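Quick setup: one chain, the form predicted alone, written in structure tokens, and binding and motion questions come after.
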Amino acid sequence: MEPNTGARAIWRLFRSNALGLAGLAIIGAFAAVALAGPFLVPYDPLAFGSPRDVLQAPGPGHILGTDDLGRDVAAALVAGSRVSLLVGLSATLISMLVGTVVGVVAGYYGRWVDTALMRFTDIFLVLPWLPLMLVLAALLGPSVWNIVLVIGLTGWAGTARVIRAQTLAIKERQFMERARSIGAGDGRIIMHHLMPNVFPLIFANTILVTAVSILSETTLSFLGMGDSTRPSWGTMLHFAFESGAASSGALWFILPPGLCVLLLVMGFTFLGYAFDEILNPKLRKR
């Protein structure tokens, strides 16, 4: 990694990366829709329509049609973008915080600390990911913040492994030995010498983990563990599946949330790979 790469140099490299620009454009578009949603769609996403509004095809009144309860699909789609971004970013923050602390402490101190923390990490790596999330979500109850907690506390193990490996490599460098030789304490070495060198990896990994968090929220909501009072793309797919939207030909009910999940996850993945390439000189040369 190149910890001292300036912001201008990073931006110059980023501008020449087509994958990163595409990812940024996709995420920016969804963020704009999430912020301007109430002004774009005048309908309440939770307001039921009359019987004649049920599964109404897209038209002048409802540009993306209505669902099985007469609710406007476009309004639910816009509201779902806010939930997906909120859950994705919040769960990633928890996941990266836990994974970074575990990885840095294990890699820096080594010996029995490393062994104990890595065996604890291995437990989360070998446990079936989806059943574990379902059990925790069922125990905590259907809430957006409970889903954030579940995703964040079950998705940190891979990050811990990656950060530990990077910490082990940096710990053996000469500038770390010099810091110890002049009497710098562990806290100062970690914060002022280790973390600046680990941060580029944390940053790139954070963007990729955000995509996984959004996909996890969609999965939990689709399986009925979402918050029914907060429309999300996963709950839209859940209700579309239960109402038989695909078999009845109401594709306007099932395709928009599915495409939005695909595009947003793809945007974060593009951006994560771009920054991984920019911040890693080996990948950039290749």
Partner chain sequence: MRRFLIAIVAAAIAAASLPAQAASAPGYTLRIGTSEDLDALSPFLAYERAATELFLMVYDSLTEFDAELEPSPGLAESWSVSPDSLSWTFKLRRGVAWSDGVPFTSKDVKFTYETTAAAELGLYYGFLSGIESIETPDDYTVVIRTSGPKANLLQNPTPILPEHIWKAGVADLETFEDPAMVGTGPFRFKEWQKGQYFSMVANPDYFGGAPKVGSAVFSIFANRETLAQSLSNGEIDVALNLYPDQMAQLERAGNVTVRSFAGNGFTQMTINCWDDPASGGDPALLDARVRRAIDLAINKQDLIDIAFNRGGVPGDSLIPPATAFWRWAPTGGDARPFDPAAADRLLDSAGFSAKDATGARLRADGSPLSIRLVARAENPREVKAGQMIQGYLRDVGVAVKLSTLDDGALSDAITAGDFDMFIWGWGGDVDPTTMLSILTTDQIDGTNEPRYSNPAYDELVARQYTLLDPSERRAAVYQAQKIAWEDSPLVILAYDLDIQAWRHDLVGGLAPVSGGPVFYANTNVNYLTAVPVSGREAGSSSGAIIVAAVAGAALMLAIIAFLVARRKRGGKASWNDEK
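Positions refer to the first chain, counted from 1. Please read all numbers here as calculations on a predicted model, not as lab measurements.
The following text describes the form predicted together with its partner chain, which does not appear among the structures shown.
A.B. asks: Taking heavy atoms and a 4.5 Å cut-off, does residue 243 contact its partner chain in the predicted bound form?
C.D. replies: Yes, residue 243 sits close enough to its partner chain in the predicted bound form that at least one of its heavy atoms falls within 4.5 Å.
A.B. asks: Using 4.5 Å between non-hydrogen atoms, is residue 239 touching its partner chain in the predicted bound form?
C.D. replies: Yes.
A.B. asks: Using 4.5 Å between non-hydrogen atoms, is residue 69 touching its partner chain in the predicted bound form?
C.D. replies: Yes.
A.B. asks: So in the predicted bound form, does any heavy atom of residue 259 sit within 4.5 Å of its partner chain?
C.D. replies: Heavy-atom contact with its partner chain at 4.5 Å: absent for residue 259.
A.B. asks: Specify the contacting stretch among 213-221, 58-66, 39-47, 26-34, defined as having any heavy atom within 4.5 Å of its partner chain in the predicted bound form.
C.D. replies: Comparing against its partner chain in the predicted bound form, the contact stretch is 39-47.
A.B. asks: I have 51, 54 and 142 flagged as a candidate spot, so tell me whether each of them has a non-hydrogen atom within 4.5 Å of its partner chain in the predicted bound form.
C.D. replies: Yes: 51, 54 and 142 each sit within 4.5 Å of its partner chain in the predicted bound form.
A.B. asks: Counting only heavy atoms, which residues in 207-238 are within 4.5 Å of its partner chain in the predicted bound form?
C.D. replies: Sequence-ordered list: 224, 228, 229.
A.B. asks: Once you account for a change of 3 Å or more, let me know if residue 220 and residue 43 sit closer or farther in the predicted bound form, using their C-alpha atoms.
C.D. replies: Nearer in the predicted bound form, by 3 Å or more.
A.B. asks: Given a CA distance change of at least 3 Å, are residue 260 and residue 46 closer or farther in the predicted bound form?
C.D. replies: Compared with this form, residue 260 and residue 46 lie farther apart in the predicted bound form.
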